[in-house]
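Read on for two forms of one protein chain; each stands alone as structure tokens, with the labels structure 1 and structure 2.
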Structure 1
Amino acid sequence: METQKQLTIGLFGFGVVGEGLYKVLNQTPSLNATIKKVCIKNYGKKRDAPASLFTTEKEELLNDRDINVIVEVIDDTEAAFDIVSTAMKNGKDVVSASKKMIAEYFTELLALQKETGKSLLYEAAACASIPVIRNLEEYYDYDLLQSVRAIVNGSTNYMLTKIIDEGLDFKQALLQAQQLGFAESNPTLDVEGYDAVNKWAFLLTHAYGIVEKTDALLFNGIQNIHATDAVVANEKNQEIKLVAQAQKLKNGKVAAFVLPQFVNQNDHLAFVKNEYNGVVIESGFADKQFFYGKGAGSFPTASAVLSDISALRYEYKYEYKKLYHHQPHALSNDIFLRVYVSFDDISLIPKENFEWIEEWHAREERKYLVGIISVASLHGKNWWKENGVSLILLPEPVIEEIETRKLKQRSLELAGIVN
């Protein structure tokens, strides 16, 4: 029988997730895991744990030979990377929940894992309670993974639920999300899409072997979603969701982005409400699988950290099979998207950037169009993020180049421009 390793944990951070983990571990004695020391910033703050457990000196944890696992759940990117890299060099396995740190330092973290032979697990950094990384890593074969679509940010999903289903405006929805602890007091990372794209950057590695910085991905948040957009969604029996997606193209490359999207009401992602996350994975022969779970909160995130701690008892490591054992896929910008764009002032919209425009609604005070535009023409441009312009993908938005020519010809014929 395989023996379980005894885990002695040094924990960095005792906020929502750290305290949740402490409580969960106390209720799970079978895990063979105990927290020896917790490093915090402010020693004077009252905490629901013995004072002897806490220190403000990180070296007490990083240099303690009895501590063989460092768990890091802080929100300071630079400090988190320093903790993780020092811990691994000191022969300790690491569990992290810091998505921004993982996204920004991913290449360095890959190198550290090779160099030290230590394990770095971070299931809690994406989709909280949903085991998406382990599934992409272990279950889905490189060649058979057709697409991954996901709602990976609970705060924005909560807000969109309130805007679409209950008719709240953006500010009211944000205030509710903050009061319930789903959105930070500074919500920029969530509402402008940074949090979602950070998660998507490293999920792409586990799905397709792609290692890219976030600025290589087209992304936006929900900050410009307008009441008119909600009305249009309801008229079409659709929801608006912030969707992270990756899709394998006919040429073998992968299209990937994080953008608001209209989704049909029978789409799996339409059922994902409030602070929940959802992931739809489509593979060659298994059709679609749907994972659903809480994407925010103390215990859901702590449960993912706990799952990683549990895996360390058996020396589990990510193998990055699609990166190291196959030819990794490449990211492609040679695609076109079918988009809805709403705006107040037509002069803000570069009409010449569209391949063609299918619908034009100019009578209303808030105007909108539906058209086809290339990903390449959106990269590096900000007109579609500024001045209240709202760009939302339509269902099944990706059009490959060869299809575009056929569709363009067809639309011109319908318009009577060519025979």
Structure 2
Amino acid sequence: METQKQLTIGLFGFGVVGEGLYKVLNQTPSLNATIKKVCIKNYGKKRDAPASLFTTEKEELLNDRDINVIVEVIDDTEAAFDIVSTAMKNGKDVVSASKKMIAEYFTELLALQKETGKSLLYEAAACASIPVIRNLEEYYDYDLLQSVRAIVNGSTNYMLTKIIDEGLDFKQALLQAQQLGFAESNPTLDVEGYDAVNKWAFLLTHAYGIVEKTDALLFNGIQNIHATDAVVANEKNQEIKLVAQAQKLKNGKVAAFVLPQFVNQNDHLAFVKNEYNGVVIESGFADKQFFYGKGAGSFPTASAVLSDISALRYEYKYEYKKLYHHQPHALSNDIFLRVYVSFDDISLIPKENFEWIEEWHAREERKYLVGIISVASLHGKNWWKENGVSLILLPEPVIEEIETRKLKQRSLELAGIVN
């Protein structure tokens, strides 16, 4: 049998994930992988590892010929890209957990992988402990992936659980998510949906071969969820979740977005609480499959990094099969959504943007409506993200054939069933 490839690691970052990896590796001697050096920003902090392990000089790692793997778990996007590209050009394989960097520099990273022939693995960058990238890449290596719906941000899911199930206020819930090491150092990235849409952008490549910047996707976070929304959800026996969704349309294109959604109790995603993430995949013949696991935190994230390191022993690379070996799908915003919108001041709502409005609840101080609106008319607009307006998707499939729906709506109106 071939002897196992010895992996000598240069680690960038010793925060929640970096330290977690250090501990996890120490408990996994069978992996034949050792950390030779750790590059940190400053020596100031007290760290639970020998001082001789640390340096502040990135070249010490990037130019060390013994080091054949660079693991990068820092949260400075530009510095991370610089480290990853230099490492690959210097002939090293790379494992990264920097979601924002991967989303922002995706095209460049694809080119670097082609140019250098080195592996760049980033399973830890989406859904932490759930092996979602390798699943989408390897298992669903065919054209029958109908839809993927997922909770991809642990902090916001943790916060929604604490706010809705346990009555904490927004600030308390965020503070806890920060204290537990789930949130980004800039928690706006979690709360306003940026982290989720970053992850969704590159998951769409592995699922459908779509390569798009995040600004091509409709997204929001949970910053505007109002106490009234939680009351409405409870009355309807539903949960509110921040859901990333992709759905293949009849025209072969894919609709994709990240929005807060009301989720029925019998939806698998309703079961996902706290910092857990979940992925529901619907495919041609298998019907529904559900993946579940911790989506944030030190050891769950380190476990995914560890698995990537292990995969380097057999020189595993992403092949981007949907992009290079199949006809990639195009992204489409040509769909309509049934949404709930709550607000204090009706003048903030451009009623004319809705195809039609099904319900008005205008008597209470906090008002809400339910209506049908196109993604195109929400995309690039901010009225539904600002001034306390809260927009939540209702639990029904995206609407592709608006003409049929319009006719049906009109006939119901004529019959006096709705108005």
Ligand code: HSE
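Take the two forms, find the largest set of C-alpha atoms that superpose within 1.5 Å, and that set is the rigid core. Because the structure is predicted, anything quoted here is derived from the model rather than measured. Every residue number counts along structure 1's sequence, beginning with 1.
Remark: structure 2 matches the stated condition (the form predicted together with the ligand). Superposed on the core, the two forms barely differ at A216: its CA moves less than 2 Å between structures 1 and 2. With the core superposed, D169 shows a C-alpha displacement of at least 2 Å between structures 1 and 2.
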